[in-house]
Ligand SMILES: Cc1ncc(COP(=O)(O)O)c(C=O)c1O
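The data below hold one chain only, encoded as structure tokens and taken in the form predicted alone.
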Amino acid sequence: MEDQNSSTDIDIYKSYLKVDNPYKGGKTLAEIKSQSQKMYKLSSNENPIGASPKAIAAVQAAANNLHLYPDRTDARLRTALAKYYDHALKENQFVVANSGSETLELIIRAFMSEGHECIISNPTFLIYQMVAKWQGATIHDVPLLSPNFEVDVEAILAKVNDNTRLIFLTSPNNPTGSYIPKATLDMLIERLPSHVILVLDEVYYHFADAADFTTAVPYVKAGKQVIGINSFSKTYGLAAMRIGYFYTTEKIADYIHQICKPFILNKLSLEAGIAALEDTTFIQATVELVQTERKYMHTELEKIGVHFWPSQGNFILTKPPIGEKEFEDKMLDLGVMVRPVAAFGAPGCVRITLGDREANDACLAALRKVYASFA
């Protein structure tokens, strides 16, 4: 009889889980621990005016019953989402999860495994390739076109084969702030084979004001193989609650619902999300502030001589004339937190979140000092 304790050469570890470049979220204010000056956090694309007051009140009320389990399903939030979208989409076309990142995990788990392929376009959100790698998938990068980060439709289509399952695009794109015009999406979607799904990450869509900007809604309504990803972290100011959702065709949504866990959202997040969707006053105030401050920052950055790209998001991508880490440290010394984005596929670049006027003026003052030091 073979010795059950004898050593073997069986490798129990999945090689594709060894991540070379893991995603790291931006630093918190607590990590900086600056006692000498006020610190402005313009590094994580957070809401500049806080969280929805209605959502805060809903969380406070729900906190009295933490001993009770939450709803078994996300049904109430899906009902609220259908209402928010003016019933252009049905309740069963929405899938809710703990953050936009977890919605990506659900989609990738549902459609990808070893032998499958996906397409990304850097610079972009690192999570797409990270989670796809967890499933053993092959990732193809079709970079955005210079100098304005446009989607290379022909190159994407050239990469599609029988093993391709998902294409990840973001509009407005993080970290570039660029967007995908509707005509470009029309051209791509019409030419995709039926076994390929386009995942359109649109978590910053509220802030876009370009005339030819579009969400995934018209494509989903037309029955196209498209998924629109969204989050409550930005416009609604609920980053700490970790609520995300996507919408798609009934067939795709029904399929992915099969791998959703019971009690998928905690009670506080569920109530916060429902209340936030109803807080139209807060949503409007957030969007108006971001769009106003974005125009202001575009103008002032030009005056300073900062190399930047016009944005459709609540952030602006810049390219300082010194290394991104040195630039980050200089800005930090002046009380402003910014985010180097080499890990997003944009080496040498730094992303600056739009704050309120006080924060933005502090950022501009710091930029003037930094740029003056090597003028």
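Quick note: we count residues from 1 along the sequence shown, nothing fancier. In this text the structure is predicted, and so the values were computed from the model without any measurement.
Form predicted together with this ligand: not shown, discussed below.
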Of 260-268, 278-286, 97-105, 140-148, which is the one stretch near this ligand in the predicted bound form, taking non-hydrogen atoms within 4.5 angstroms as near?
97-105
So this ligand isn't shown here. In the predicted bound form, which residue out of N174, Q129, T215, Q225 has a non-hydrogen atom within 4.5 Å of it?
N174
Which of S178, S231, Q135, T164 has a heavy atom within 4.5 Å of this ligand in the predicted bound form?
S231
If you check in the predicted bound form, do E293, T318 and R357 all have a non-hydrogen atom within 4.5 Å of this ligand?
no
In the predicted bound form, does D201 have a heavy atom within 4.5 Å of this ligand?
yes
H195: touches this ligand in the predicted bound form, heavy atom cutoff 4.5 angstroms
no
Is H116 close enough to this ligand in the predicted bound form to count, meaning some heavy atom within 4.5 Å?
no
Is R191 close enough to this ligand in the predicted bound form to count, meaning some heavy atom within 4.5 Å?
no
Given a 4.5 Å distance limit between heavy atoms, list every residue of 243-269 close to this ligand in the predicted bound form, or none if there are none.
I243
